[in-house]
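In the block that follows, a single chain appears as C-alpha coordinates, in the form predicted on its own.
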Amino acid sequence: MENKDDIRLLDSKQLEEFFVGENQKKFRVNQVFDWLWNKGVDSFSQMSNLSDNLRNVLDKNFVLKKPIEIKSYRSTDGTIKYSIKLYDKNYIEAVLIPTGKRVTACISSQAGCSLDCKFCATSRLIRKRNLFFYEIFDQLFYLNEQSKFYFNRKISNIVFMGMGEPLLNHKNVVKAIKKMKMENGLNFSARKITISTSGIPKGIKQIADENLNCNLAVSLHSAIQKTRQIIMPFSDKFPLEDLIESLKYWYTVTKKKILYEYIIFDGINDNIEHIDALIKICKILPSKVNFIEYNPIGDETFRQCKVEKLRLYQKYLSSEGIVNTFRVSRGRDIKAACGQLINSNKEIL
(Lines give C-alpha, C1' and ligand atoms only; values in the text may rest on other atoms or scores of the structure.)
Protein backbone atom coordinates (compact mmCIF):
# COMPACT_ATOMS: atom_id res chain seq x y z
CA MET A 1 0.00 0.00 0.00
CA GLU A 2 1.41 3.35 -1.05
CA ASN A 3 2.19 5.84 1.71
CA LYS A 4 -0.79 8.07 0.98
CA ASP A 5 -3.76 8.99 3.15
CA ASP A 6 -7.27 7.86 2.38
CA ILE A 7 -9.05 10.86 0.90
CA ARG A 8 -11.99 10.19 3.22
CA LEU A 9 -9.94 11.46 6.16
CA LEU A 10 -10.51 14.96 4.76
CA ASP A 11 -13.66 16.88 5.62
CA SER A 12 -15.26 19.17 3.04
CA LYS A 13 -13.31 22.25 4.15
CA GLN A 14 -9.97 20.43 3.98
CA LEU A 15 -10.77 19.00 0.55
CA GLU A 16 -11.86 22.44 -0.65
CA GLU A 17 -8.53 23.91 0.49
CA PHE A 18 -6.72 21.14 -1.36
CA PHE A 19 -8.65 21.83 -4.56
CA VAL A 20 -7.96 25.57 -4.36
CA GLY A 21 -4.25 24.80 -3.98
CA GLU A 22 -4.45 22.65 -7.11
CA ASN A 23 -6.33 25.36 -9.08
CA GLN A 24 -9.49 23.25 -9.10
CA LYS A 25 -13.07 24.50 -8.69
CA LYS A 26 -14.60 24.38 -5.19
CA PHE A 27 -17.82 22.76 -6.45
CA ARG A 28 -15.83 19.62 -7.19
CA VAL A 29 -15.92 18.87 -3.45
CA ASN A 30 -19.62 17.97 -3.60
CA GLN A 31 -19.05 15.79 -6.64
CA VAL A 32 -16.22 13.90 -4.98
CA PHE A 33 -18.18 13.49 -1.73
CA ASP A 34 -21.11 12.10 -3.69
CA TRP A 35 -18.86 9.44 -5.21
CA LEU A 36 -17.34 8.62 -1.82
CA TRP A 37 -20.33 8.54 0.51
CA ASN A 38 -23.32 7.97 -1.77
CA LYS A 39 -21.99 5.83 -4.59
CA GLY A 40 -19.21 4.14 -2.62
CA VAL A 41 -16.69 3.91 -5.47
CA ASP A 42 -13.54 1.83 -5.13
CA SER A 43 -11.24 4.04 -7.20
CA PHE A 44 -10.91 7.59 -8.50
CA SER A 45 -11.17 6.29 -12.07
CA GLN A 46 -14.87 5.56 -11.41
CA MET A 47 -15.59 9.27 -10.77
CA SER A 48 -16.86 9.76 -14.31
CA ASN A 49 -17.98 13.39 -14.04
CA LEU A 50 -14.47 14.55 -13.11
CA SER A 51 -11.86 15.47 -15.68
CA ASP A 52 -8.97 13.11 -16.39
CA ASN A 53 -6.65 15.75 -14.96
CA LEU A 54 -8.52 15.95 -11.64
CA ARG A 55 -8.73 12.17 -11.33
CA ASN A 56 -4.98 12.00 -11.87
CA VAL A 57 -4.45 14.68 -9.21
CA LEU A 58 -6.53 12.70 -6.73
CA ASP A 59 -4.76 9.46 -7.60
CA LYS A 60 -1.37 11.11 -7.15
CA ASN A 61 -2.16 12.51 -3.70
CA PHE A 62 -4.65 10.12 -2.13
CA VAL A 63 -5.82 6.53 -1.96
CA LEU A 64 -9.06 4.69 -1.15
CA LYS A 65 -8.24 2.02 1.42
CA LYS A 66 -11.03 -0.36 0.53
CA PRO A 67 -11.17 -4.05 1.56
CA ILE A 68 -8.98 -6.21 -0.63
CA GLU A 69 -11.10 -9.36 -0.31
CA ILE A 70 -14.59 -10.24 0.95
CA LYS A 71 -15.84 -13.79 1.39
CA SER A 72 -19.42 -14.67 2.29
CA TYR A 73 -21.07 -17.60 4.05
CA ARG A 74 -24.79 -18.35 4.13
CA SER A 75 -26.67 -19.99 6.99
CA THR A 76 -29.61 -22.34 6.61
CA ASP A 77 -31.72 -19.63 8.29
CA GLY A 78 -30.83 -17.01 5.65
CA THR A 79 -28.22 -15.15 7.68
CA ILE A 80 -25.12 -14.17 5.70
CA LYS A 81 -21.70 -13.62 7.25
CA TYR A 82 -18.95 -11.64 5.53
CA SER A 83 -15.26 -12.13 6.21
CA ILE A 84 -13.55 -8.90 5.19
CA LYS A 85 -9.82 -8.63 4.53
CA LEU A 86 -8.80 -5.02 5.09
CA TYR A 87 -6.17 -3.10 3.12
CA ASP A 88 -3.50 -3.97 5.75
CA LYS A 89 -4.46 -7.69 5.70
CA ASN A 90 -6.25 -7.62 9.06
CA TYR A 91 -9.64 -9.37 9.12
CA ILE A 92 -13.04 -8.39 10.44
CA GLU A 93 -16.49 -9.93 10.13
CA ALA A 94 -19.93 -8.45 9.56
CA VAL A 95 -23.34 -10.13 9.42
CA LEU A 96 -26.56 -9.57 7.47
CA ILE A 97 -29.64 -10.86 9.33
CA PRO A 98 -33.04 -11.01 7.57
CA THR A 99 -36.09 -11.31 9.86
CA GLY A 100 -39.59 -10.74 8.52
CA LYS A 101 -39.76 -7.19 7.19
CA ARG A 102 -36.40 -6.23 8.69
CA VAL A 103 -32.82 -6.71 7.57
CA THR A 104 -30.25 -5.98 10.25
CA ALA A 105 -26.57 -5.28 9.64
CA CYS A 106 -24.26 -6.32 12.48
CA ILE A 107 -20.96 -4.49 12.03
CA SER A 108 -17.53 -4.44 13.67
CA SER A 109 -15.62 -1.56 15.23
CA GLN A 110 -12.23 -3.18 15.90
CA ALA A 111 -10.02 -5.78 14.26
CA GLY A 112 -9.99 -8.24 17.14
CA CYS A 113 -11.20 -7.17 20.56
CA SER A 114 -9.86 -5.24 23.56
CA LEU A 115 -11.86 -7.12 26.21
CA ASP A 116 -11.92 -10.59 27.78
CA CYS A 117 -15.54 -11.73 28.06
CA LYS A 118 -15.21 -15.45 28.78
CA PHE A 119 -18.29 -16.54 26.83
CA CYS A 120 -17.22 -14.79 23.62
CA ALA A 121 -14.90 -16.30 21.01
CA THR A 122 -14.00 -12.86 19.64
CA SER A 123 -12.40 -11.95 22.97
CA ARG A 124 -9.79 -14.65 22.32
CA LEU A 125 -8.48 -12.62 19.40
CA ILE A 126 -5.75 -10.06 19.94
CA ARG A 127 -6.95 -6.54 19.25
CA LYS A 128 -4.98 -5.58 16.18
CA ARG A 129 -6.30 -2.03 15.90
CA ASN A 130 -9.31 0.24 15.89
CA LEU A 131 -11.13 0.56 12.59
CA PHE A 132 -11.15 3.91 10.84
CA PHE A 133 -14.58 5.48 10.47
CA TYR A 134 -14.54 4.85 6.72
CA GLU A 135 -13.86 1.14 7.30
CA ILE A 136 -16.92 0.97 9.53
CA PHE A 137 -18.93 2.84 6.89
CA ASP A 138 -17.65 0.51 4.14
CA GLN A 139 -19.13 -2.49 5.97
CA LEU A 140 -22.56 -0.89 5.99
CA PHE A 141 -22.34 0.26 2.38
CA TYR A 142 -21.37 -3.21 1.16
CA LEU A 143 -23.95 -5.02 3.28
CA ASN A 144 -26.64 -2.60 2.13
CA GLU A 145 -25.89 -3.49 -1.50
CA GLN A 146 -25.97 -7.16 -0.56
CA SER A 147 -29.30 -6.71 1.20
CA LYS A 148 -30.82 -5.15 -1.91
CA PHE A 149 -29.44 -8.01 -4.02
CA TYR A 150 -30.52 -10.92 -1.81
CA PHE A 151 -33.59 -9.55 -0.04
CA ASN A 152 -34.81 -6.82 -2.42
CA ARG A 153 -34.69 -4.13 0.23
CA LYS A 154 -32.15 -1.97 1.97
CA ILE A 155 -30.97 -2.53 5.52
CA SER A 156 -33.50 -1.40 8.11
CA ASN A 157 -31.44 -1.68 11.31
CA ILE A 158 -27.77 -1.31 12.21
CA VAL A 159 -26.21 -2.82 15.33
CA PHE A 160 -22.65 -2.34 16.54
CA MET A 161 -22.52 -5.89 17.86
CA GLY A 162 -19.75 -7.32 15.70
CA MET A 163 -16.07 -7.61 16.56
CA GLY A 164 -14.65 -5.21 19.13
CA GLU A 165 -15.90 -2.79 21.78
CA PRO A 166 -17.40 0.27 20.04
CA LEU A 167 -16.86 2.64 22.95
CA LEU A 168 -13.12 1.92 22.97
CA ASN A 169 -13.13 3.33 19.44
CA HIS A 170 -15.79 5.91 20.07
CA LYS A 171 -14.39 8.72 17.87
CA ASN A 172 -14.41 6.57 14.74
CA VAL A 173 -17.79 5.06 15.62
CA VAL A 174 -19.27 8.55 15.99
CA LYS A 175 -17.80 9.70 12.67
CA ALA A 176 -19.06 6.56 10.94
CA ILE A 177 -22.59 7.06 12.26
CA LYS A 178 -22.61 10.65 11.10
CA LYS A 179 -21.65 9.45 7.61
CA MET A 180 -24.38 6.79 7.73
CA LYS A 181 -26.93 9.49 8.58
CA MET A 182 -25.97 11.92 5.80
CA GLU A 183 -29.05 12.89 3.78
CA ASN A 184 -27.04 13.03 0.57
CA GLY A 185 -25.52 9.63 1.40
CA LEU A 186 -27.11 6.47 2.75
CA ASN A 187 -29.53 8.53 4.88
CA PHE A 188 -30.04 5.99 7.67
CA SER A 189 -32.22 6.92 10.62
CA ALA A 190 -30.36 7.23 13.93
CA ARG A 191 -33.37 5.64 15.64
CA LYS A 192 -32.52 2.41 13.80
CA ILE A 193 -28.88 2.37 14.95
CA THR A 194 -27.89 0.61 18.19
CA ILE A 195 -24.49 0.85 19.83
CA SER A 196 -23.80 -2.19 21.99
CA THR A 197 -21.23 -1.86 24.76
CA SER A 198 -19.87 -4.25 27.35
CA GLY A 199 -20.09 -1.35 29.79
CA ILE A 200 -17.44 1.38 29.49
CA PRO A 201 -18.69 4.21 31.75
CA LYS A 202 -16.52 6.96 30.28
CA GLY A 203 -17.49 5.91 26.76
CA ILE A 204 -21.20 5.89 27.61
CA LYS A 205 -20.97 9.48 28.83
CA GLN A 206 -19.00 10.51 25.76
CA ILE A 207 -21.50 8.96 23.37
CA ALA A 208 -24.38 10.61 25.24
CA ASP A 209 -22.82 14.02 24.61
CA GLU A 210 -22.57 13.41 20.86
CA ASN A 211 -26.30 13.95 20.27
CA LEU A 212 -26.46 11.07 17.79
CA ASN A 213 -30.01 10.04 18.72
CA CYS A 214 -28.95 6.37 18.55
CA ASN A 215 -29.95 3.55 20.88
CA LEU A 216 -27.73 2.04 23.56
CA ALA A 217 -27.49 -1.64 24.48
CA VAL A 218 -25.47 -2.82 27.47
CA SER A 219 -24.06 -6.34 27.64
CA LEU A 220 -24.83 -6.98 31.32
CA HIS A 221 -25.21 -10.73 32.04
CA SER A 222 -25.21 -10.21 35.79
CA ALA A 223 -26.33 -7.41 38.08
CA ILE A 224 -24.06 -8.77 40.82
CA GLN A 225 -20.51 -7.47 40.59
CA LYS A 226 -18.66 -10.61 41.69
CA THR A 227 -20.58 -12.76 39.19
CA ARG A 228 -20.17 -10.24 36.40
CA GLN A 229 -16.41 -10.32 36.94
CA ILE A 230 -16.42 -14.11 36.46
CA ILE A 231 -18.28 -13.73 33.16
CA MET A 232 -16.50 -10.54 32.06
CA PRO A 233 -13.19 -10.21 33.97
CA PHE A 234 -12.41 -6.72 32.62
CA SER A 235 -15.42 -5.41 34.56
CA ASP A 236 -13.38 -5.36 37.77
CA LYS A 237 -12.10 -2.01 36.44
CA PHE A 238 -15.63 -0.83 35.65
CA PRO A 239 -17.80 -1.69 38.69
CA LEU A 240 -21.56 -1.73 38.38
CA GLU A 241 -21.84 1.43 40.45
CA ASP A 242 -19.84 3.35 37.85
CA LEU A 243 -21.78 1.74 35.01
CA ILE A 244 -25.14 2.72 36.53
CA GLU A 245 -23.91 6.26 37.12
CA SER A 246 -22.96 6.56 33.45
CA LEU A 247 -26.33 5.15 32.38
CA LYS A 248 -28.10 7.71 34.54
CA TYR A 249 -26.11 10.36 32.67
CA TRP A 250 -27.03 8.74 29.35
CA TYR A 251 -30.73 8.85 30.18
CA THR A 252 -30.59 12.40 31.54
CA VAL A 253 -28.97 13.64 28.32
CA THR A 254 -30.76 11.49 25.72
CA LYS A 255 -34.06 10.48 27.38
CA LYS A 256 -33.59 7.12 25.68
CA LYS A 257 -34.45 3.80 27.32
CA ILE A 258 -31.57 1.37 27.92
CA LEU A 259 -31.54 -2.15 26.51
CA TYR A 260 -29.84 -4.71 28.75
CA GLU A 261 -28.49 -7.75 26.91
CA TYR A 262 -28.43 -10.80 29.15
CA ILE A 263 -27.35 -14.42 28.79
CA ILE A 264 -28.50 -16.81 31.51
CA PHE A 265 -25.77 -19.39 32.14
CA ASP A 266 -26.46 -22.72 33.78
CA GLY A 267 -25.27 -22.70 37.41
CA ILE A 268 -23.76 -19.20 37.21
CA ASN A 269 -26.50 -16.58 37.12
CA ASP A 270 -29.68 -18.67 36.94
CA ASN A 271 -30.99 -18.29 40.50
CA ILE A 272 -33.40 -16.00 42.31
CA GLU A 273 -30.59 -13.87 43.74
CA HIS A 274 -29.58 -12.86 40.23
CA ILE A 275 -33.18 -12.33 39.15
CA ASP A 276 -33.78 -9.95 42.07
CA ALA A 277 -30.56 -8.08 41.31
CA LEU A 278 -31.54 -7.63 37.66
CA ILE A 279 -35.00 -6.36 38.63
CA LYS A 280 -33.40 -3.86 41.00
CA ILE A 281 -31.14 -2.47 38.27
CA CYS A 282 -33.95 -2.34 35.72
CA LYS A 283 -36.02 -0.20 38.08
CA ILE A 284 -33.33 2.47 38.38
CA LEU A 285 -33.89 3.77 34.85
CA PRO A 286 -36.39 3.12 32.03
CA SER A 287 -35.09 -0.06 30.43
CA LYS A 288 -35.92 -3.37 28.84
CA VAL A 289 -34.13 -6.72 28.78
CA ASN A 290 -33.17 -8.81 25.79
CA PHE A 291 -32.35 -12.37 26.82
CA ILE A 292 -29.84 -13.86 24.39
CA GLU A 293 -29.29 -17.50 23.57
CA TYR A 294 -25.81 -18.68 24.48
CA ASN A 295 -23.70 -19.94 21.59
CA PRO A 296 -21.09 -22.46 22.80
CA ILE A 297 -17.45 -21.73 21.99
CA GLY A 298 -15.82 -24.81 23.54
CA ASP A 299 -15.55 -23.61 27.16
CA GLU A 300 -17.42 -26.09 29.37
CA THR A 301 -17.63 -23.52 32.17
CA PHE A 302 -20.44 -21.83 30.29
CA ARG A 303 -23.60 -23.65 29.28
CA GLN A 304 -27.04 -22.51 28.16
CA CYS A 305 -29.46 -22.40 31.09
CA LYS A 306 -32.40 -24.75 31.33
CA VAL A 307 -35.63 -23.52 29.72
CA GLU A 308 -37.39 -23.32 33.08
CA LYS A 309 -34.78 -20.85 34.36
CA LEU A 310 -35.38 -18.54 31.40
CA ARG A 311 -39.12 -18.75 32.03
CA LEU A 312 -38.56 -17.98 35.70
CA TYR A 313 -36.57 -14.85 34.82
CA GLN A 314 -39.25 -13.74 32.38
CA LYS A 315 -42.06 -14.43 34.84
CA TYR A 316 -40.49 -12.32 37.59
CA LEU A 317 -39.49 -9.46 35.27
CA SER A 318 -42.91 -9.37 33.63
CA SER A 319 -44.62 -9.35 37.03
CA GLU A 320 -42.63 -6.21 37.84
CA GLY A 321 -43.63 -4.54 34.58
CA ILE A 322 -40.20 -4.91 32.99
CA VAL A 323 -40.41 -5.49 29.24
CA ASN A 324 -38.30 -8.45 28.18
CA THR A 325 -37.82 -10.62 25.12
CA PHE A 326 -35.82 -13.71 24.18
CA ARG A 327 -33.69 -13.57 21.05
CA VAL A 328 -33.07 -16.85 19.25
CA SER A 329 -29.58 -17.04 17.76
CA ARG A 330 -29.21 -16.65 14.01
CA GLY A 331 -26.42 -18.00 11.84
CA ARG A 332 -25.01 -20.39 14.41
CA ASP A 333 -24.13 -22.99 11.76
CA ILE A 334 -21.74 -20.54 10.05
CA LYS A 335 -20.41 -19.11 13.35
CA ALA A 336 -22.21 -15.83 12.80
CA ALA A 337 -24.22 -15.77 16.03
CA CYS A 338 -23.55 -13.62 19.09
CA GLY A 339 -20.06 -14.31 20.46
CA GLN A 340 -18.92 -16.47 17.54
CA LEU A 341 -17.19 -14.00 15.21
CA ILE A 342 -13.62 -15.18 14.86
CA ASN A 343 -12.85 -15.54 11.08
CA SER A 344 -13.09 -19.32 11.08
CA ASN A 345 -15.29 -20.48 8.18
CA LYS A 346 -14.20 -22.22 5.01
CA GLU A 347 -17.33 -22.75 2.95
CA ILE A 348 -17.91 -19.85 0.56
CA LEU A 349 -21.39 -18.73 -0.47
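Numbers follow the displayed sequence, beginning with 1. In this text, all values refer to a predicted model and were calculated from it rather than measured experimentally.
There is another form of this protein, the form predicted in complex with a small molecule, and it is not shown here; the text below is about that form.
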Residue contact check: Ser196 to the small molecule in the model of the complex, 4.5 Å heavy atom: yes
is_contact(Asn324, the small molecule) in the model of the complex, heavy atom dist at most 4.5 Å: no
Contact of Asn295 with the small molecule in the model of the complex (heavy atom, 4.5 Å): yes
Though only this chain appears here, would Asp77 touch the small molecule in the model of the complex if you measure heavy atom gaps against 4.5 Å? no
Tell me which of 92-100, 249-257, 130-138, 158-166 has residues with heavy atoms within 4.5 angstroms of the small molecule in the model of the complex? 158-166
Checked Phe119, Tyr142, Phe188, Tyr73 for heavy atoms within 4.5 Å of the small molecule in the model of the complex; positive is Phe119
